[in-house]
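Single chain ahead, by itself, as structure tokens, in the form predicted on its own.
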Amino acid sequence: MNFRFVGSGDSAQVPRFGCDCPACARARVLSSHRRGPCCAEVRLDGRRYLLDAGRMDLAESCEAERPAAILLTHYHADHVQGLFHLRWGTGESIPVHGPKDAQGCADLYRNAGILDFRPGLKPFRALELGGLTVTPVPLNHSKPTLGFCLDDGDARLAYLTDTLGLPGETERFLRDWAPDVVVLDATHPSTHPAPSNHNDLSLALQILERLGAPQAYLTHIGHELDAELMAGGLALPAGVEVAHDGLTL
């Protein structure tokens, strides 16, 4: 499979509106340091699958290449806002798989347009999408949220965002499943006073150490962590990298 980070930022993105910290100032000048809403895409056997839909240019990218399906981790706005425009398109419907959530986001369920919402993914019950096996795993967040364990028969990648720590059952599953790559939420720097809903860097590194995957990428990065990384002095363990928009695995 081909995996691409379409967005690697938090809900405020980088640069954050009105902020003049070093990371935001740099991102205004150098587009390569901008971070859009956290989302990704997978290509396999000529098909394109989206992981979350927070990009506001989603309809444009889907017009260029229509996705075979969309997988939603949860229904917070920064992960679904691109669907509000996309739904009014024409042509064949697009399956949208996500966690069971009676509320969803605003009126997306009631006025779905071309989107075929299937909000019934169950933890640890695999979904087959062509040659890709997707196993949802529960995460710790303020809305029902799932991570996705992706297996194409040759490689295994665990996509785990948004979360604060991991539920015990998820961590046990991942240790047995033995992913080759883990993509993990690391929104805040380790100095953040009280992380909620998202990992800080210290917690993310502890999780990665326990999982023992040979390669890991940090995503859902906030501007404060970017600023700390710019300042230097934050040495990441071997095999752990900070993702950026456009990075392809």
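Worth saying up front: this structure is predicted, and the values here are computed from it rather than measured. Numbers for residues come from their place in the sequence shown, where the first is 1.
Beyond what is shown, the protein has a form predicted in complex with another copy of the chain; the following relates to that form.
K.L.:
Would you classify F124 as touching another copy of the chain in the model of the complex, given a 4.5 Å non-hydrogen atom cut-off?
P.N.:
Heavy-atom contact with another copy of the chain at 4.5 Å: absent for F124.
K.L.:
Would you classify L132 as touching another copy of the chain in the model of the complex, given a 4.5 Å non-hydrogen atom cut-off?
P.N.:
Heavy-atom contact with another copy of the chain at 4.5 Å: absent for L132.
K.L.:
At the 4.5 Å heavy atom threshold, is R34 in contact with another copy of the chain in the model of the complex?
P.N.:
Contact with another copy of the chain, yes.
K.L.:
Does another copy of the chain come within 4.5 Å of any heavy atom of A77 in the model of the complex?
P.N.:
Flag for A77 set to yes.
K.L.:
Check for me whether another copy of the chain, as it appears in the model of the complex, comes within 4.5 angstroms of all of Q13, E63 and L86 - heavy atoms only.
P.N.:
Heavy-atom distance to another copy of the chain in the model of the complex: all three under 4.5 Å.
K.L.:
Counting only non-hydrogen atoms, choose the one of 133-141, 156-164, 116-124, 78-86 that falls within 4.5 Å of another copy of the chain in the model of the complex.
P.N.:
After filtering at 4.5 Å, what remains is 78-86.
K.L.:
Have a look at L211, L44, A68, A59 for me and say which one sits with a heavy atom within 4.5 Å of another copy of the chain in the model of the complex.
P.N.:
In short, A59.
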